[in-house]
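Take a look at this one chain, the form predicted on its own, written out in structure tokens.
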């Protein structure tokens, strides 16, 4: 797993270049937002179960066909699997948020997710909507925790939804 710093170093090393002004500014921005990233992660961590529960409730309220007979979240086992997956996305989005880099999402979530969902015939639309709902809840939780200028919170969730939306799973 790479973070913003190791990714930047790798890119400049591969090119055989010293850091330029853009690299220095990028590092400065990452380090200046470090405390806010950790505070945001702490807010998510302390409320993770509630975030997943609230997001699941809202998702199933918006898309009740998912929990009806024949729906992908019908039966207790499938419902629990849906919430488990939402928790999984939330946890890895938190890792990416702290790292300031979405590579962990690509390496540990999205690649395996595509294969799994393809084999199980899981529709991607509700998954994308669930991640979007979690993003909104997380933004509220982070703001309530007193983190200001937390635009970085959206990045990992947007990356997940963008990558899943661009794939025909």
Ligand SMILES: CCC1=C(C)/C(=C/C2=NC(=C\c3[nH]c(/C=C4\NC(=O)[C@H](C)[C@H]4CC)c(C)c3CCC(=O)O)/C(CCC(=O)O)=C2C)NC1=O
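Positions refer to the first chain, counted from 1. Note that the structure is a prediction, hence the values are computed from the model and not measured.
Absent from the display: the form predicted in complex with the ligand. The rest refers to it.
Shown alone, this chain has one stretch from 35-43, 22-30, 139-147, 121-129 that lies within 4.5 Å of the ligand in the predicted complex by heavy atoms: 121-129. Residue contact check for residue 57: none of its heavy atoms lie within 4.5 Å of the ligand in the predicted complex. Contact check for residue 81: a non-hydrogen atom falls within 4.5 Å of the ligand in the predicted complex. The closest non-hydrogen atom of residue 109 lies within 4.5 Å of the ligand in the predicted complex. The ligand in the predicted complex comes within 4.5 Å of no heavy atom belonging to residue 96. Every residue of the trio 73, 77 and 85 has some heavy atom no more than 4.5 Å from the ligand in the predicted complex.
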